[in-house]
Each structure stands twice: as C-alpha cells, then as structure tokens.
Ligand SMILES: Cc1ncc(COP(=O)(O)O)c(C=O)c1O
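Shown next as structure tokens: one chain only, the form predicted on its own.
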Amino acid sequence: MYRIGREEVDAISEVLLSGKVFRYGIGSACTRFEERYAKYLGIKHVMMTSSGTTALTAALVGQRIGPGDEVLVPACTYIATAIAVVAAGAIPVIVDIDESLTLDPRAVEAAIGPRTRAMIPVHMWGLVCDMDRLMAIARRHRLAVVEDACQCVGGGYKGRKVGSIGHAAGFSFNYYKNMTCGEGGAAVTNDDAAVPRMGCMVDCCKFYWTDRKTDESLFISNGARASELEGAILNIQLDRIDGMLDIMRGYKKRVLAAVADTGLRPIQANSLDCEAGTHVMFVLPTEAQASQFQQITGSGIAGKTGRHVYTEWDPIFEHRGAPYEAMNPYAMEANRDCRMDYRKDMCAPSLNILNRTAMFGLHPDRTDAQIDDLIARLRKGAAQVL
C-alpha cells in the first residue's frame, strides 16, 4: 500500500451510512469505478472482481480458453498467473523471460505448439512487456493475449495503458499493489462477445440480471463479486495513481542517470517513459557478484523473492489442480496431449537472469535524501563489485 488516508475513510463512511452496501444499485460505487477505470484505460468493459487471480480467470474464460488448450506463461510471475490458467481448465506452459524480466518474444514463438491457444504477458514489478512483438506473434499464430497487469496498475507501453493492448486483461488491487483496496481486482476487455462469459465468472447469479430465455452463453460459477467498500476506496485511489507514478518514474530516471558512468547495467526497458516505475533493477555479470552487490547495497535479488519464480510453484509441478481428481485439469482427457512435464531446470536462462538481477523498490513518499542515499549505495557497490 503506497498511500491511503482520510479521503478513503470518508468514502467508506458514506457507503456504510447510506445503508447501500450491495454493489448493484443506483449510484453504486463499484459501477462508478468501473466506468471511470474504463475511461482511464481507454477500454470498453471493466468488471470488478474479488482478486487479480479471479480477474485473470474471467478474462481467459471470456476468450473461451479452457480444456484442451495450452496457455504460455512466463517463468517469472506470481503463481496466480498459472493458477488462473488451471482454474479455466487449461494447462500452463512455462516460457523463458529475457533481460526485461518479462516474456521473451523469441521464447514465445519457439514454444508455440499445436495446442497453444493463448499467452499471458505479465507486466512484472511495474515493468512492461514488449507488446508490439508479442502482439505480432499472436496475430501470426491466432493466439489470444490476456495481459496480467496485476503488478503494473497505471503503467503503460508506448503511450497506451497496460491492459488495453491485448484481447483482455486482469488487474489486482491487493494490499501490495500501487492502487489498492486491500484485496480485489478487475477483468477488462474491448471484446463485446467476451462480456457475458466474463460476467458469469464474476457473478455466480449473473443469469438473474439478464434475459435467461435468450442468452445461451450463461453458465454457473463460484462467482467473484467485489464489494461497495472496495469500490469506494478505489474511486479515491484512482485519483491518486498518476501523481504517484509520475514521482516514481522521475526517481527511477534520476537513479539511472546518476549511475550511468559506474558500469552498472540496467535491465532492458521496453517503455521506460510509460512503465509504472516501481522498481529499479540492474543485471550483474555473475551470481556471485550479484550476491556481493546485495550485501553492500541492501538490494533484493529477483530470483530469490521466494514466490515469483516458476521453480516455487509446487502445486503446478505436482499437478494438483483441483480438490478432486475428476475436476483436475491435469487429469482431464481433453488435456491429455497438452505439455505438462515441468522440470525445475526447464527455464535455466530465466533463472540465470533472475539470480543476477539486483532490485530496489521505489515509493512515491521517499525523500530526495533517501534517493541520494540509494544512489550513493549503488555507486559504492559498483565500485567494489565491478
């Protein structure tokens, strides 16, 4: 959580005192946020959800991804990306990243097989994928592109907001995200045909709110509705996001400029001016140097976060995709020919990059003195390690 304060408290109080805490109704805070966020993204449809995971699942189902389908996911992302694929009934295929720490377009093209129906570019740690190349690959191979923008709320790629470039996308508003309501998410798309299916995934009783006699796309699901309290908070958070991102982007450019003469090599930037700017990262020549650099500077190591590397996805490796085997996508006959032979060394190039990458989180409320201190630590580390 970056910033939250009196405005959010007042918005919550207004909802509670109104007695109208169900998300459907005149003047709904959730509906207002969905309309405003759609305009902010430049996209037609936004549906608030209970989490980023349920948002991604709804987006995949909206694109008719399910049993019999493979979905390419990056070796560096939170396990929720792969979980969303399995929740849709499909099988995730893990693909290498490049030195942008996002999907490697060359690895994507090489990984496409006869069952591949979609890819999920993940805009990881506020960074953005090479969407021009990935979308070109998707067009050539007729793949659906579902952007995972959970860690890049407000970020953009060459002037377009992430989440508005692919066929659909999922966002997270979890506590750790740069726009938050504690939990929650949003599934978004420009695809009119996807909306009824997405709606069924989000609302278990969607059929009550539509024409049950004529809409053949209706089905039941567990549902993932958001609450009015979340909508109230997010309407305030949406007013905050651009100012915070502008500050972090400025800090990142300042840091990069200040260490440009040290020999430190920043990770590849696919759209430095538009990304969220929440992290500044450097690729060191060796793992040993990265470890030494960490000790001097207090950095993190991208490959050692404990949860953002594919090798830590135990339920995926063990094919535990459902509470009962009959419901497990890994055991479904439709998925028999999908690739699901996961190995810890299957994306060795990704592990090599991640274990050599030093990372520093930025925050909009850092002071100039704190940024100066970071620059001094980086210069000291570079002088001693490189």
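Quick caveat: nothing in here was measured; it's all calculated off a predicted structure. Numbering starts at 1 and follows the sequence shown.
Quick note: we don't show the form predicted in complex with the named molecule, though the next part is all about it.
Colleague: Among 189 to 197, 75 to 83, 274 to 282, 238 to 246, which stretch has residues with heavy atoms no more than 4.5 Å from the named molecule in the predicted complex?
Modeller: Partner-contacting stretch among the options: 75 to 83.
Colleague: Answer for M124 alone: is it within 4.5 Å of the named molecule in the predicted complex, judged on heavy atom distances?
Modeller: Taking the distances in the predicted complex, the answer for M124 is yes, it comes within 4.5 Å of the named molecule.
Colleague: Does the named molecule get within 4.5 angstroms of any non-hydrogen atom of L56 in the predicted complex?
Modeller: The answer is yes: L56 has a heavy atom within 4.5 Å of the named molecule.
Colleague: Although the partner isn't part of this model, could you tell me whether C150 comes within 4.5 Å of the named molecule in the predicted complex, counting any heavy atom of the residue?
Modeller: Contact with the named molecule, yes.
Colleague: State yes or no: in the predicted complex, is some non-hydrogen atom of G184 no more than 4.5 angstroms from a non-hydrogen atom of the named molecule?
Modeller: Contact check for G184: yes, within 4.5 Å of the named molecule in the predicted complex.
Colleague: Just to be sure I understand the contacts: of S51, N355, S28, N328, which is the one whose heavy atoms reach within 4.5 angstroms of the named molecule in the predicted complex?
Modeller: Among S51, N355, S28, N328, a heavy atom within 4.5 Å of the named molecule in the predicted complex occurs only for S51.
Colleague: Between 163 to 177 and the named molecule in the predicted complex, list the residues on our side with a heavy atom within 4.5 Å.
Modeller: S172, N174, K177 sit within 4.5 Å of the partner.
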